[in-house]
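Form predicted on its own, single chain, as structure tokens, below.
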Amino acid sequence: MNVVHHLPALLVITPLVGACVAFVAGRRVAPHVALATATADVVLAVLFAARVLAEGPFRYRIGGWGAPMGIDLVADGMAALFIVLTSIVGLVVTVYASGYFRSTDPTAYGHGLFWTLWLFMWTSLNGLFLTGDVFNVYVCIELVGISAVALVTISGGPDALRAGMRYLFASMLGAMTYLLGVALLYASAGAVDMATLSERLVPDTTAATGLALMVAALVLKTALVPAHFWLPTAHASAPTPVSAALSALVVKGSYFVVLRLMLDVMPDGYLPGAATLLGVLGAAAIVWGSVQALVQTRIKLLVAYSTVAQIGYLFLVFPLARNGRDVLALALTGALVHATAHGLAKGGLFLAAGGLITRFGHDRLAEMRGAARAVPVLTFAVALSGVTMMGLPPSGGFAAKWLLISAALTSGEWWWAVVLVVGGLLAAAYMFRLVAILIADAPAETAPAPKPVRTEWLPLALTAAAVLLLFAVPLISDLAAASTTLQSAGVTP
């Protein structure tokens, strides 16, 4: 059997098998099953990306049937990048969670519930990044939502349950809206395969309404302003490993599908005004999320609102993408670099925040003075994540903003460049405030004694990777060029 040929299927099967084994393995074995599964997924993800780079995009036919009768998995550069990001962050979260749940929530840890839900969500994310038809997107995004809601509420307590209910409402509303859009689209075009849809779509009110509903549903699931009402409480109330996964990975899943619909499926000029509207909402998210992060008094809420702000940058690609192949290549590469940098930095920042909360016994920012003396590694991790979010060189955030600003100036739409610069200044404001508190001297009676945190090096590894991502930009550019989006636009590596 040619294992390399079946990599797309193995990327879905491996975490699913791991979830099943973890469910029946028992409390002692489940963490080891999760760690073995995460390690295997990293290897598969790297091999998958290497094959895409070597051979270009390809389609994997499940059971040999293929679309439209069967199911196709689409293997291209964008899918490979998001799958590699998921595998790296997923491995770190898995290792972190082993120590976290053992010390903070023995019940969830002992029964293996977290490991089953976590690997199941990982399965659904990989399926979402690979699927080639819009109905299977619905299936995968529902599975991601169900497992994510369960993970948010895994620790119990009224705050977690309220946040979980709000998240569940948003998830169900988004899923039903998306499914209605799929039904309208199928009624008009007679297909659910994305490649087939891109060939059959013609100006039609039914199809346009369906696509508009699908994009609106995905915007809700991505928590783009003003549909972000569920994100801050869900991310802040969840256990630390769950918060990291939600911010770094889950919101990227729905955004990935928006990329597919807007840039791969819709012909040029379809849904006029939609690209500009998404850009305007992205700009609003950058400002609103940053201002809210600046006034928060609890560390996880600050980090959660910074996610709202950072998501906004991702949507600036859509108005820029209308301005020709060269601008599309710059803007898409910038968006992909930002998605990767944000995933690494925000995953590390949430893990660092969780370590600080564990160390201090609370999440009140004003009472975290002296953290730099007690846990310098965690404080350094927070500072490195700020370098990425502010867009300072040599971080991945700097490379992403540079590419997006270049795209904006090349297209003549300079106002998007202004938004990017203002967003960087606002990010500097709330991150400098956070770091200033952590490095300030604490009164002798309240200063925590130095004490090592077992998992403190893990958030530092992620945030350091986000800073060093600048050196991986050529590789990300090659993956972007190996995406169906740029290849269909005639952009070659």
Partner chain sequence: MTPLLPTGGGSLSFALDSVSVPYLFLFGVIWTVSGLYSFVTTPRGARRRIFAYYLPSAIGGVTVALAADAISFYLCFALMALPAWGLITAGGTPEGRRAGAIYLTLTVIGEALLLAALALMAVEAGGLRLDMLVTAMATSPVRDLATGLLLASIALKIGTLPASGILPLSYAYAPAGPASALAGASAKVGALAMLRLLPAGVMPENWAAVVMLAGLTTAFGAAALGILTTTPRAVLGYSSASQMGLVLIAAGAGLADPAAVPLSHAAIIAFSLHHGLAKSALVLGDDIVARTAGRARSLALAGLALPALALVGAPLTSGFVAKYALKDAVYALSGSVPHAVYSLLPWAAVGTAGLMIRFFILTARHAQVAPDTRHRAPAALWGGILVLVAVTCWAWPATWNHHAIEAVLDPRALLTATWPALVALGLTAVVRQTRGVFARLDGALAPGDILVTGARLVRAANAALPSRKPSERVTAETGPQAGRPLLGVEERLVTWVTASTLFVLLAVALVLLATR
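The structure displayed is predicted, hence computed values, not measured ones. Positions refer to the first chain, counted from 1.
One more form of this protein exists, namely the form predicted together with its partner chain; it is left out here, but the text below deals with it.
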*Listed residue (245, 344, 81, 330) with a non-hydrogen atom within 4.5 angstroms of its partner chain in the predicted bound form*: 330
_Answer option from 368, 215, 378, 97, heavy atom within 4.5 Å of its partner chain in the predicted bound form_ = 215
*Choose one stretch from 309-317, 405-413, 249-257, 81-89: the one whose residues place a heavy atom within 4.5 angstroms of its partner chain in the predicted bound form.*
405-413
*Please state whether all three residues 274, 296 and 477 have a non-hydrogen atom within 4.5 angstroms of its partner chain in the predicted bound form.*
yes
*Decide whether residue 228 counts as a contact residue for its partner chain in the predicted bound form under a heavy atom distance cut-off of 4.5 Å.*
yes
*asked:* How about residue 457 - does it come within 4.5 Å of its partner chain in the predicted bound form, if we only consider non-hydrogen atoms?
replied: no
_When the contact criterion is heavy atoms within 4.5 Å, does residue 284 count as touching its partner chain in the predicted bound form?_
no
*Using the partner position in the predicted bound form, report whether residue 101 sits within 4.5 Å of its partner chain, counting heavy atoms only.*
no
_Do any residues of 143-162 have a non-hydrogen atom within 4.5 angstroms of its partner chain in the predicted bound form? If so, which ones, in sequence order?_
none
